[in-house]
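Heads up, the chain below is alone and in the form predicted alone; it's given as structure tokens.
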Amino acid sequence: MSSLRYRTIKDKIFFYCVCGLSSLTVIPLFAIIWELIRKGYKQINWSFFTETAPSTLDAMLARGTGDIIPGGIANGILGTLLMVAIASVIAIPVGIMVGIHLSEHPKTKFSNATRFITDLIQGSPSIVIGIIAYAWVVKPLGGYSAFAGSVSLAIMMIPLIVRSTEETLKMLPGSLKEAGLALGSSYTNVILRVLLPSAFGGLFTGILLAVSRVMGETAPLMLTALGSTAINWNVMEPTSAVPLLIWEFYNDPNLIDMIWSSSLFLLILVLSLNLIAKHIAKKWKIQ
């Protein structure tokens, strides 16, 4: 009886310790979110999404009169969406094809080497990816551009998509492929029309997580896209992004209020993508 009581007490102590430590890890997160909301909501209005970043003079005059800083981050929002879209076009097909190969031929020397390189790229600092994209794209093209920024983001997205594709396809029952081949379908048709649709939930979740991962990157874009004060749709010209604008606002004391608003917007955007990814993963979970 005493042994049972001792184990019950020990179980409760361990449970409360885990709950307490979990609460400690959540407190900084809520503190950051609260700080962003408290300082960032004032600048959130229609012009924040439709106008370009304000100049230092406009911000200084607004702060002097106690008004809201005019302007917004439309150039950063559109630049981010443009570069992420181009990066997705590059990274998604490559990542899925490599993931299929690793899943179908997991133990070959080429697969082992590819898996090692993928893990190496995934663990590389983003600034290193930016330097690589600068050498591969910016220097040959002779200037900074949205395309160069997209290449750097695509390099960062590919490992995440590769690993998610490989792991998702491994979770599929082998009977799916066997049934498709037994019905006379070619190997390619089985992959494209049976396995990939069955793994759609995992693939789409991995893609969304990869997009949310690169959407907040600053360092590689500083070396490739550079930034722009105007809305630019030419992919071969310098283009701004929300993380780049946050960095620019940080270097100007008069635009300090724009930092909190831009960070709040970026946090909400990334959080939304992660919640969507979790919802899709739950809905399309492989049984």
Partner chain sequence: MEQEHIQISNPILQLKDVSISYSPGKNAVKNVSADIARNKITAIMGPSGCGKSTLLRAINRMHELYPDIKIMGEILLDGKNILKMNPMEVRRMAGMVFQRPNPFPTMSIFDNVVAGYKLNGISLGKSEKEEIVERCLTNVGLWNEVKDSLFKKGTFLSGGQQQRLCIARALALKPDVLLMDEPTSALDPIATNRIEELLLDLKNEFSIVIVTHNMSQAARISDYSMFMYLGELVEYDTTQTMFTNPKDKRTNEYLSGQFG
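The structure displayed is predicted, hence computed values, not measured ones. Residue numbers count along the first chain shown, from 1.
Below: the form predicted together with the partner chain, not depicted.
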field: Region of this chain that lies against the partner chain in the model of the complex, out of 75 to 83, 193 to 201, 163 to 171, 140 to 148 [heavy atom, 4.5 Å]
entry: 193 to 201
- prompt: Might residue 186 be said to contact the partner chain in the model of the complex, defining contact as any heavy atom within 4.5 Å?
  reply: yes
task: Tell me, yes or no, whether residue 176 is in contact with the partner chain in the model of the complex, where a contact means a heavy atom of each within 4.5 Å.
output: yes
message: So in the model of the complex, is the partner chain close enough to residue 180 to count as touching (4.5 Å, heavy atoms)?
response: yes
